[in-house]
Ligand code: MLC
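The data below hold one chain only, encoded as structure tokens and taken in the form predicted on its own.
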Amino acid sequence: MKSLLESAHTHLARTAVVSEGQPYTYQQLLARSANIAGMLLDGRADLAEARVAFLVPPGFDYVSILWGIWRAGGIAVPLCVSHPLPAIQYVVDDTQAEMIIYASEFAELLAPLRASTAARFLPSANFVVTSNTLPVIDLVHRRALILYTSGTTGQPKGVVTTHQQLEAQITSLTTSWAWHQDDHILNVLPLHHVHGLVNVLLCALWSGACCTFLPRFDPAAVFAIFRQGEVNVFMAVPTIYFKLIAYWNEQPPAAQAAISQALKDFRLMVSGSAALPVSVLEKWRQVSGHTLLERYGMTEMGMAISNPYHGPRRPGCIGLPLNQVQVRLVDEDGQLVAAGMPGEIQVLGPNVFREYWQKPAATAAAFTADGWFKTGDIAVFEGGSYRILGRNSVDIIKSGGYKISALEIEEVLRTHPQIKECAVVGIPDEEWGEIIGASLVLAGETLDLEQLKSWLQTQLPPYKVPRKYLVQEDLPRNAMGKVTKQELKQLLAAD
């Protein structure tokens, strides 16, 4: 946090954030975050790693609250603005959040939590000017952030990152991607996710650059901002590029030409969080004149591998390890594989997370005996670059930039009275990378599918609700009785 503050102090008059059309300087960000830190402390010397959850839309208040939590010595726990109450409650309960900061539009959603949690509820609009001495933060050991990611055990796990680990994640990108203070990026990504939070927002603030927020993704609004000529960096998931291409295709020739001309002046365009279909890369190159930079990372480590900022970018490849990051490929026995052979990606470096929150067994299982993080992703090194082949578990689905646990969705589906058994898999999709498919074995003779979808929307975030359904008398299984999900993927894809 000290380094972020030092950077902000050297750019006081520059615009840090544009929110709802209003610019805010680094000086305003420092003042606002100091006020918030003082109110959170409320007479205490240090929050001492108390977890502070916050449910606030992207914008200046969001950034100020994030910095305020850090400056008070707390651990920031961002909540997703599109999650239903059960998903929010899980994070609040799991982190044992001491405080919940919320914007007024979420007051009704959070109301049921007041009876089930001891956390203090703090409206974001009520922060006022205070005068407090702020603690000195140990950047090396102090925990800074808990982001939640789904794993093969079903329930999401809290990924704990220290201030020093965040700094390593940020600086590896600002160095490799040549960030500078004159950059201006548009952020259309969720901020409970490392892509939108670290790669976009924190890299911009570290560099003295400007981050403009768009309240919700809309292709027309995105292109309108691009045509103003101020934004020169953009990062998104493949699904967003797919939607932007579709919108561009619908425009008359004059509008297409104006958009394409504006895009040609960009310095950098990045795609990540899911595999980028080569067809989308080629279409975007036709629209913008840019070859998207693909990179590879996870919540547990930020970014680890990237195509070059300068130099050729090969479609379907993710490039080479970033600065200070080591990567190796190993077989199922943990032995290094030969060049050209597939293996699991393992990562070692200062960017790798500290632990899964209060899950020592899961943390230990995520690392090798010699300290390498086991990503679970399979890749091959060929032609001087890494290429992702897929997951070593069919229980992880990558859809629209999210990594989703199939087991978590299955557990929810099994609580429905009309469902006897189920299995969830990812189905390849050009727009989303994968869409979620569910095979259902019914407890009775009939099922109201629309009613099921409506119910699921009250239990799961929108991106975790299955898009395709198949009703079967029984699930396909092997001789040991285990569901053969590869067979199920084929059945759902063909149905």
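These figures come from a predicted structure and were not determined experimentally. Sequential numbering from 1, following the sequence displayed.
Omitted here: the form predicted together with this ligand. The next part is about that form.
Although the partner is absent from the chain shown here, none of Val17, Pro57 and His180 has a heavy atom within 4.5 Å of this ligand in the predicted bound form. Checked against this ligand in the predicted bound form, the residues Val194, Val325, Ile170, Ile409 give one hit for a heavy atom within 4.5 Å, which is Val194. Residue Arg216 is the only one of Arg216, Lys264, Arg414, Arg114 with a heavy atom lying within 4.5 Å of this ligand in the predicted bound form. With the partner omitted here, the stretch from 203-211, 397-405, 364-372, 223-231 that lies within 4.5 Å of this ligand by heavy atoms in the predicted bound form is 397-405.
This ligand in the predicted bound form comes within 4.5 Å of a heavy atom belonging to Gly297. Contact check for Ile240: a heavy atom falls within 4.5 Å of this ligand in the predicted bound form.
Taking non-hydrogen atoms only, Arg467 approaches this ligand to within 4.5 angstroms in the predicted bound form. Proximity of Leu456 to this ligand in the predicted bound form: non-hydrogen atoms within 4.5 Å are absent; the residue sits far from the partner. Along 449-464, a non-hydrogen atom within 4.5 Å of this ligand in the predicted bound form is carried only by Tyr463.
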